[in-house]
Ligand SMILES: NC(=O)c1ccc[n+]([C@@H]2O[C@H](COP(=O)([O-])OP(=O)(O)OC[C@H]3O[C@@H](n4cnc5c(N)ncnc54)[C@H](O)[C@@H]3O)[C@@H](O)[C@H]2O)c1
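Just one chain follows, in the form predicted alone, and it is written as structure tokens.
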């Protein structure tokens, strides 16, 4: 990027991006390439899993083994914690070799995988993405792609240099409500979108869980805008077909961390368990006990950390004002200690308005999990529910449908639900830019963060 000021180059950036004349020099859209030919004699795709925590061992471990065992085989597991990895191996139901994090290169050399699946702590995604591609292996990684702008740049440069394929699993696009909203917007029934109002609520189960874990620290996840918010920020750019260009954000820690009247290192054996409203008895969670508590001696990681620890440094209350390259404006908020889980979103268009709301464990009754209202100008509103989606699974079936597209593909993708790596990059760049805006108390332009 040249040395002109961010503001002086903004108009040129927006104009060029709108016509596709500037951007990241990326390869084909993720998922559009033909499936790799397995290296082994079994005819199945050889995969290794890096990161054997909850998400990795279940969604990208046990679920893959159970649902796609006919087309793939696990040939290696990798984790910093060998005890947890051994539990994960039994849980997944495989008998492949295990490797420590320092043996990553050795694992690739010995197992010759076709794919590396990365489900580590967020701040290590980029490290393993880049190293796997440098070693000549294609990658599937959980979102976000990275937790700072330098990591994003390194991932994109490495992908371009090595020619390897990378898939970032933006799974929420496959949810029934996400697909329904996309179809309505693409139909142009409410015209051209001019602005978006989006409010996301995490309850005192889901939201609070982040502050018990490594997610409560910027050095591991950037912020909740990266690890959780990137779900929603990616959805908006997909719905709009637009890239974020500028953000002004505000954030505060209002409920957790230093706000507590009392605290301990963890819930287990906490002297305040009788009066703490956030007390969680980890001993009643068999999965957490097997995977984390019984493996603490390996790395010291505590799964039931106190939500009032003073060193928690991510925000639980965030608001963003975003401008997209098409001129669409968005106001966005994320709150992590609400009495119920869900979201409200409104799209304001030149011909009308689209409202959608979803409340899970809601204190009042709505028809179905999602209610969608379409109000054309000068006409009456009509309501509808999201299209149903067969099959259970994480993220309302989104996880399984995404995995189908990866391992049963190529399959038709009329809604372009498979995110390109350009889109995955911009989703986390918006979260990173918002974090910089909060920290520096100023608007931040995406072009400041990435070399175009």
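All figures in this text were calculated on a predicted structure; none of them were measured in a lab. Positions refer to the first chain, counted from 1.
Keep in mind that the form predicted together with the named molecule is missing from the display, and what follows is about it.
- Of the residues given (325, 309, 165, 143), 143 alone sits with a heavy atom within 4.5 Å of the named molecule in the predicted bound form.
- Residue 122 is the only one of 246, 148, 243, 122 with a heavy atom lying within 4.5 Å of the named molecule in the predicted bound form.
- Just one listed stretch, out of 165 to 173, 313 to 321, 333 to 341, 267 to 275, contacts the named molecule in the predicted bound form at the 4.5 Å heavy atom level, and that stretch is 165 to 173.
- Contact check for residue 227: a heavy atom falls within 4.5 Å of the named molecule in the predicted bound form.
- Taking the partner from elsewhere, residue 299 is found to have a heavy atom lying within 4.5 Å of the named molecule in the predicted bound form.
- Of the heavy atoms in residue 101, some are within 4.5 Å of the named molecule in the predicted bound form.
- Contact between residue 80 and the named molecule in the predicted bound form is found at the 4.5 Å heavy atom cutoff.
- In sequence order, 213, 214 are the residues of 198 to 219 having a heavy atom within 4.5 Å of the named molecule in the predicted bound form; the partner itself is omitted from this view.
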